[in-house]
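Heads up, the chain below is alone and in the form predicted on its own; it's given as structure tokens.
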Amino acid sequence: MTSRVFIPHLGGRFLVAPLCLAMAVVFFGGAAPEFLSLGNLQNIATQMWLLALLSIGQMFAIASRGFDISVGATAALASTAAALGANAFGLPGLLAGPIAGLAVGTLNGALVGVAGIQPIVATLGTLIAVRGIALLLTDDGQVVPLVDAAAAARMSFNPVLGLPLAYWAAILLVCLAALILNRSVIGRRIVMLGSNPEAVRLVGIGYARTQIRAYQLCSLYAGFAGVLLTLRAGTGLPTEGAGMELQAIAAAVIGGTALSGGVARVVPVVLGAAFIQALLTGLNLQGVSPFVAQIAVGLVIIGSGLLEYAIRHFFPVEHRSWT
């Protein structure tokens, strides 16, 4: 059985993130010479991975024609769970973070894919609930210091071949996401679901199951981001992550992920996260008020939505058949 779908022309959309990053580097390099210092570039290269992991997770949800505004709260819960797990079982207990993320993603996927609740409603509900669980676990938002903070510091700050181990792990997770998206059956099904949900049903693919997998991947990567947050801070941080869900959506869309679903690539999403981190760092170096920086990020988010609109309405479409 064959079903035809309409896919936007892909030539230009994946160039937006590298172009935005290049413009940010040129602008801030001229306005604040210290921006191009080796130390600052290393700082951006390490700080961006938290947002990159959240953005990659968001990419899976958006590719399936949904989105998840609970990823920031999920990262905070994962950070808390990772710290509690590490204190109870040693460093292997950090895996409690991604497990907590996977649980949240399963719930989100079931609400959207099985119950048919709109993603904005489902993930808003889980955002509030997950934030409450994180606060409840930590006695009203108290941080959870790691017992073995020295080991966490070594993983986060001691370079191995130029980068700390925690960030090498993040790069491996990025490579894994690319394999899942481009080479796995579930990745192809998620993209197909976003391209044409009706085609998914016609070829006998489980709609609800695919939706659940997309949200599981989204929250799983938020869980890994929570572990990275814990390692970097040396504590579980139950109140962190507010606002990062919107930054993650912006990075994913700037990276070429179509809000209408069905189009995504991993590397441009990482570059979108790098652009947002470079923007925030550059504004900070220039002494710009954090409130003005929030306005700038807000404009970037609006711009990402306008970008999606422009691509859908002014670029030609190609026709592709799913068999």
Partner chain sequence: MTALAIRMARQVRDRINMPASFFVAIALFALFALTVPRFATSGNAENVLRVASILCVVACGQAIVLILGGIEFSFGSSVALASIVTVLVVPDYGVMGGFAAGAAVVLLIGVLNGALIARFHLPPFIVTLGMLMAVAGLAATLAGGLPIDAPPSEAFSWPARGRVLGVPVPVIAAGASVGTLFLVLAYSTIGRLWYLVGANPEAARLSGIRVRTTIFLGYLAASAFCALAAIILTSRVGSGQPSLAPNLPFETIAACAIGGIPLAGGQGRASQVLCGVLIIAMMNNAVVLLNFPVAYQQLMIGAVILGSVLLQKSSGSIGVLWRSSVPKRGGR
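Residue numbers count along the first chain shown, from 1. What you are looking at is a predicted structure, and each value in this text was computed from that prediction instead of being measured.
This protein has a second form, the form predicted in complex with its partner chain, left out of what is shown; the following refers to that one.
Enquirer: May I ask you to check whether residue 116 falls inside a 4.5 Å heavy atom distance of its partner chain in the predicted complex?
Expert: Residue 116 belongs to the contact set for its partner chain.
Enquirer: Please check if residue 298 has a heavy atom lying within 4.5 Å of any heavy atom of its partner chain in the predicted complex.
Expert: Taking the distances in the predicted complex, the answer for residue 298 is yes, it comes within 4.5 Å of its partner chain.
Enquirer: I'd like to know whether residue 189 contacts its partner chain in the predicted complex, with contact meaning heavy atoms within 4.5 angstroms.
Expert: Flag for residue 189 set to no.
Enquirer: If you check in the predicted complex, is residue 140 within 4.5 Å of its partner chain, heavy atoms only?
Expert: Within the cut-off, so yes.
Enquirer: In terms of non-hydrogen atoms within 4.5 angstroms, which of the given stretches 131-139, 191-199, 223-231, 169-177 touches its partner chain in the predicted complex?
Expert: It is 131-139 that comes within 4.5 Å of the partner.
Enquirer: I need to confirm a contact call. Of 205, 111, 155, 95, which residue comes within 4.5 Å of its partner chain in the predicted complex, counting heavy atoms only?
Expert: Of the candidates 205, 111, 155, 95, 111 is the one lying within 4.5 Å of its partner chain in the predicted complex.
Enquirer: Please identify the residue among 99, 149, 91, 120 with any heavy atom within 4.5 Å of its partner chain in the predicted complex.
Expert: Filtering the options by heavy-atom distance leaves 120.
Enquirer: Judged by heavy atoms and a 4.5 Å cut-off, are 247, 291 and 306 together in contact with its partner chain in the predicted complex?
Expert: Affirmative, all three are within 4.5 Å.
Enquirer: Judged by heavy atom distances of 4.5 Å or less, which residues of 54-70 approach its partner chain in the predicted complex?
Expert: Residues within 4.5 Å: 67, 69.
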